[in-house]
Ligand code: CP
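Encoded as structure tokens, the following chain is the form predicted on its own, with no partner shown.
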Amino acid sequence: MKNLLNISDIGADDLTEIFNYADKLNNELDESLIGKNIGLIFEKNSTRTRLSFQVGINQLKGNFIDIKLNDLNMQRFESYEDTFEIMSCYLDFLVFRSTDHKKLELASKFFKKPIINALSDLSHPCQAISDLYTLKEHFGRLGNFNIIWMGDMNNVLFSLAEVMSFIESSKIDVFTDEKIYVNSHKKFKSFSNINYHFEIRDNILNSADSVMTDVFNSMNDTDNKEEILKKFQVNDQLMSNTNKNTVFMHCLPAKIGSEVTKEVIKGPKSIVLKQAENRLVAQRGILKWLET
């Protein structure tokens, strides 16, 4: 059975298949999900992920059902095991955004159908797949990518590192604070394609295909990281040290004036809107891949 809890759940061939489906459905939609019922559970706020799955399911003629765990009998006495076993009697897929990745892993033990991780504290595989699709579309190739990541070592970066490990001759240069590196590097230690830097290096900026960032404080953070990460803000001065073909990307939502300035995110190098639009394209590819 297929699941997408992390990028590591799939292989390079699966990624190619998802991209091929995304391309095909971008040109001509079909009825892949007709008769299928997909449950959506969002324990955390969502705009792009929720909407792109809802619209994608509709376009492929499936039915989505919004589920609020607080409305279920789990809040009384019913067990997690019974709840998700029962869900698998009614639903064909589950799209689950959770505050804790362990909840996703536990749900996958009892839900007997595919589960898609719509973001957890560990990873965000749908975002990484969509971002790589956007890079492929923009540059006309799938490989030899030099990506710069500015700021926090979070769930989006984790999935980006996982998906980039499939991509030939590609690497990520992470610019972050040393304390954040010390606290986070254990979960990243298996990735050989990441280099870490604690100060800005213009020669690396100049070689970048894309500069990426995310909010400096993620939804689960209890510490305020904005102060220690402010030197890694993506602004006009930083982007002026990149090459003429470098693009700026942000998974959104953005805190303007913190990790990125308005001039950059609305500027000529930004492909943020295309990146957001491709969430729908990639989500359709993922849904089709799960259905086959």
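Don't overthink the numbering: it's just position in the shown sequence, from 1. None of these values were measured; they are calculated from a predicted model.
The same protein also has a form predicted together with ligand CP, omitted here; what follows describes it.
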Problem - Heavy atom contact within 4.5 Å of ligand CP in the predicted bound form, the stretch among 255-263, 41-49, 23-31, 239-247 - result: 41-49
Problem - ligand CP: the contacting residue among 127, 210, 176, 117 in the predicted bound form [heavy atom, 4.5 Å] - result: 127
Problem - 4.5 Å heavy atom contact, residue 251 and ligand CP in the predicted bound form - result: yes
Problem - Contact of residue 284 with ligand CP in the predicted bound form (heavy atom, 4.5 Å) - result: no
Practice task
Sequence order please: the residues of 84-122 with a heavy atom within 4.5 Å of ligand CP in the predicted bound form.
Solution key: 97
